[in-house]
Ligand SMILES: CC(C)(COP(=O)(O)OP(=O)(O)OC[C@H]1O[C@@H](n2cnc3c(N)ncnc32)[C@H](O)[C@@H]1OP(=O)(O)O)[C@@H](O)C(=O)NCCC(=O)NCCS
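Okay, so here's just one chain, in structure tokens, the form predicted on its own.
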Amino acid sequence: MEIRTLKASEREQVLDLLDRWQMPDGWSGRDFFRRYMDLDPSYRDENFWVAEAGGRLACCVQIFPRALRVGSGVVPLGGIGSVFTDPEARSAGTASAVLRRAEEAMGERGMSLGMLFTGRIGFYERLGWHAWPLANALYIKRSDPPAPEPGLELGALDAPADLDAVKALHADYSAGRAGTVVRDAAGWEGSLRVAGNPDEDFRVARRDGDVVAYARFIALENHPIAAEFGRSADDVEALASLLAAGFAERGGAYGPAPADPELEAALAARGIEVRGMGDPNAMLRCLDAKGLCAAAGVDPVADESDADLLRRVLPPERILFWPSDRF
């Protein structure tokens, strides 16, 4: 068995492998994973690790480079996704071996932190990963929200006219929240192209013509998800009105809990209950403790375990990871 990166000539072969994945929401595995190849400008074949056996691809693991806010800094993150093994090659350590090589590659490329989302917690724990349930919430409609206040207009994103304002709101609202992703131009393009599953309802709130809040809604396994939202520092009412309208249409939704007491109070006034509910599928792995400390702006502690370091710099109850950055 040879473990290596994907060749450009093998893209259809790896999609053949991933097409055997039984996907939700009516997707074929081929079409779901092809999006990352064709639509995400950050895609690189060198980030796809495969195991070849007998002239066939038996397993694959994809690295998704991200830049994550941690402490006072930004940490290079390697997201792990597109993990699949041919059923005939399972129970032979193939997936473990490919994942290990992908982890080594992330370390070699300066990524000090790994992140993944899975329902197979026990499998990854045996490989050194730590379960890291994120602080999410159910947003439950208890009553119909009032009409938006005069001067506030709720509507669809006008792309590209609104994007500069939305990007600024995202940067400001996410800046002080650990676990959010810093997006460059390619990161924004990839998020806008692949975050929908398959469609995204992207809305904005305008006050006197200026975009002061935004919200992104998707469906995942037929469940409504608040994928991301943001607001100007002095206009919580605009975001609350925008979210309440979206939640009311959907009867509620599931999404991140941004530790925003003002927003929770404003939502409650609009008939939306916020009920804490963690995401049990998130996992982290420290790939380089020294590099993680340096990037996060914290001092190393002698004999500190990787798990304790992660709790110190990224306590799970305080992480905000937008589903629009998922991999």
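From 1 onward, residues are counted along the sequence shown. If you're wondering where the values come from, they're calculated on a predicted model, not measured in any experiment.
The same protein has a further form, the form predicted in complex with this ligand, not shown here; the description that follows concerns it.
In the predicted complex, this ligand sits within 4.5 Å of a heavy atom of residue 95.
Residue contact check for residue 197: none of its heavy atoms lie within 4.5 Å of this ligand in the predicted complex. This ligand in the predicted complex comes within 4.5 Å of no heavy atom belonging to residue 188.
Interface membership of residue 154, defined by any non-hydrogen atom within 4.5 Å of this ligand in the predicted complex, is ruled out. Shown alone, this chain has one stretch from 113 to 121, 216 to 224, 177 to 185, 231 to 239 that lies within 4.5 Å of this ligand in the predicted complex by heavy atoms: 113 to 121.
A heavy atom within 4.5 Å of this ligand in the predicted complex is found for exactly one of 135, 83, 165, 245: 83.
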